[in-house]
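In structure tokens, one chain follows: the form predicted on its own.
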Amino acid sequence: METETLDCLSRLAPDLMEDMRQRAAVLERISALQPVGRRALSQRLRLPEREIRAICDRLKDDGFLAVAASGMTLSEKGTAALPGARELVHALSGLSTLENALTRALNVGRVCIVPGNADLDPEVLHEAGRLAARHLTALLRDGMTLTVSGGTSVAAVAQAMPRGTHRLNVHVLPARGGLGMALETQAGTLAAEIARALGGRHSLLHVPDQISPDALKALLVMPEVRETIRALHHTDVLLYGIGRAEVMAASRSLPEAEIRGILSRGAVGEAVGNYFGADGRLVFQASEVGLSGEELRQVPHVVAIAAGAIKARAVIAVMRHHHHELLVIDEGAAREIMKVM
């Protein structure tokens, strides 16, 4: 949508443009939460319930919504209008301009931003997950190998993957073995969940990060481990969350002395067990199992997700190491990245 045109319309009819923005925002939120009631919608959009009622009544009268006892859903007409509504919300909130600026500044194929700051509102992470899931599904093709990391960001993507609408013959792999984190956010669990949603198959990697060379050598004799690692090195699409180096090092239960060493070498960001300095330099690899820092540069399609302004420096560090086709972040992280850069 042309920025000059929107600026002109905003000056000519500011009240009309704000009304359009609110209607588009309501339509977009209902699409993500449907079926949803007015009270829940009011809380999500931080608008008084009486305003939500008035907007929804107009959208219903115009044929964009269907209302039932379970809540509001988009009609066929509303679904058709959804892409335009999303674009309008983005453009009027300035996020389209911010996306373009970050795409250039970070040298990324595409940056997509969701409104809000996950540091202040946990729901923002789920919004980022929904956006990443939509783009990831569009990127995948039959016969591809998809590798995914663990963590809460990728868990948000897994939860948002469309079920039953896309049947893809994809092989989904965990980027690493177990990390000692909660089972529901481990890479193997998320790989299985995403494979089920896509109608593909998955493999597990029964190799923990913290393992001695002798134990690893013994495990590599096992066919199921050997085959999974071989497939991992032929990844077509890689999906991972970006973490802060100090947080991820602690979550991997690394020894205190090793954590201090990693941080003293300047690590600020982490992705799939690799720790990066502010200049994009690889400073530490947590395990010999998985994709090395150099192999990250060879993956054809890399998709990263991060939410929260607190992750801004970590995002910059990871972006500087290797090329990304897509980065999905929230507004909080995006604006902080622009300040830092």
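Note that residue numbering follows the sequence shown and begins at 1. In this text, all values refer to a predicted model and were calculated from it rather than measured experimentally.
Keep in mind the form predicted together with the DNA is missing from the figure; the text below concerns it.
A residue is said to contact a partner when one of its heavy atoms sits within 4.5 Å of a partner heavy atom; R38 meets this definition for the DNA in the predicted complex. Taking non-hydrogen atoms only, G116 never approaches the DNA to within 4.5 angstroms in the predicted complex.
The shortest heavy atom separation between P48 and the DNA in the predicted complex is within 4.5 Å.
In the predicted complex, the DNA sits within 4.5 Å of a heavy atom belonging to S70. Partner contacts here mean any heavy atom within 4.5 Å of the DNA in the predicted complex, and among 295-303, 275-283, 308-316, 60-68 they occur only in 60-68.
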